[in-house]
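Taking the form predicted on its own, here's one chain by itself in structure tokens.
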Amino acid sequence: MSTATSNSYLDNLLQSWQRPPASSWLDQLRANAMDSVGTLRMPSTQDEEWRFTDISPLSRLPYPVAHAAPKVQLSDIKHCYLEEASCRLVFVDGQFVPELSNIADNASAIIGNLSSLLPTGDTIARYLGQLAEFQNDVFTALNTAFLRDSACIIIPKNKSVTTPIHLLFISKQTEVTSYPRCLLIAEAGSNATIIEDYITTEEAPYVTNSVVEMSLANTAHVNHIRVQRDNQQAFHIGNCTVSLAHASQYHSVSITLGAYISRYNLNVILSGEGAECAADGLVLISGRQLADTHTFIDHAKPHGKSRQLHKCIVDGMAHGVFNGKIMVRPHAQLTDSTQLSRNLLLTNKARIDTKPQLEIFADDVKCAHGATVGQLDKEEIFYLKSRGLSELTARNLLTYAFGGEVIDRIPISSLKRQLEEIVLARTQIS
């Protein structure tokens, strides 16, 4: 991607942005973010972190910001509701839609849109825009500059939210850019499950640029399920930053099914002693899709523990990318960390680029990482055929089981059933 093309893309977005009067901390945050946009450029394959992911098609689509959210009928999206989730926040093209949402009267949590929670105190101001740094990332900077609505969740100290909180982000308009945002503050000893769900009702191009910030205080426990099922003409850029304090636990499951080009950055900082992180992911793509997953797990304190399993199933002429980096800082002794990237190619034209990384600056640690890329095991196929299955059925069963291992780690039964049906349908080899 040429510098001229990159500048043209950002210039169009800059022209559509109006500088706020900076009368509040939120206005100042937006202004600071746009100032950062002016100093940054769009990434290209010449950048090490983007060398496998060519987003030049995105730079030729300077879609304007989605403003007035169109009406969405309940009947069009009700099939996406989850029976276990009594609390639901619905956003259409990045904008909050209260009539489709259900904010349960739950004393265990403070849940709502950004505008409704701003008067509650300075808690939001202390965290929003502070975890996901926008100074060096153009997409995070753009999201913050155009920040309007945001899902905000505060789990008070020693409180547990027993039912999952469903954040449903719907793309409705075509040829627009939406900027979904989410902030989760889990105070000491709290517990919650968050579902971050991206769907579309249209088969047309659009851009989604999302940012999620999560802060877990001492001994907090959060399950985070992220599902991206945009259409195959869409572009999806997602950034998630998680900060873990002493003895807190974060478990993430990310499922990537849609978008023509998608990129998901997950950054987890284990900033407290004894913090634990589990990050599992499944990418299932076909046709000419490109799905890039970058993760960074940063062990900054002793006795940290992390586990990561990332799987890709690539069909057609699709291209999967995984770059997983684990950093063990000099004082993070007794760290226990493992990372595994497993990749399945269903055709000779499918492509995988995987790069697991370990950087260790402490001497008393237990760390391991590995990667595999291949096709279905012929011996496993032969075994199933010897038990009476046809070769086609054996291949379909093995492909589904490969992805099902990650699906099984989702604790929400209704969501698990939805995803099992999608994976089963898309892993049928003709």
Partner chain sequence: MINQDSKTILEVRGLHANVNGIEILKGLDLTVKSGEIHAIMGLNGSGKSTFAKILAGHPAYEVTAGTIIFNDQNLFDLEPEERARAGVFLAFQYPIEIPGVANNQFLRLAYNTVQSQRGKEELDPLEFDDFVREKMKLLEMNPDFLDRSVNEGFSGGEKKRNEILQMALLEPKLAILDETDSGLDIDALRIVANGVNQLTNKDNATILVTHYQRLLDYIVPDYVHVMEAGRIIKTSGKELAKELEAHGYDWINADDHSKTAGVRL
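None of these values were measured; they are calculated from a predicted model. Residue numbers count along the first chain shown, from 1.
The form predicted in complex with its partner chain exists for this protein as well; it is not shown, and the discussion that follows is about that form.
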Task: Sole residue of Ala69, Leu376, Leu384, Ala33 within 4.5 Å of its partner chain in the predicted complex, by heavy atom - done: Leu384
Open item on the list: At 4.5 Å between heavy atoms, is Thr393 in contact with its partner chain in the predicted complex?
Closed with: yes
Open item on the list: Under a 4.5 Å heavy atom criterion, is Ala368 part of the interface with its partner chain in the predicted complex?
Closed with: no
Task: Contact test in the predicted complex: Val65 vs its partner chain, heavy atoms, 4.5 Å - done: no
Open item on the list: At 4.5 Å between heavy atoms, is Met42 in contact with its partner chain in the predicted complex?
Closed with: no
TODO: Pick the stretch from 384-392, 23-31, 49-57, 358-366 whose residues have a heavy atom within 4.5 Å of its partner chain in the predicted complex.
DONE: 384-392
Open item on the list: Could you pull out the residues of 400-421 that have any heavy atom within 4.5 Å of its partner chain in the predicted complex?
Closed with: Tyr400, Ala401
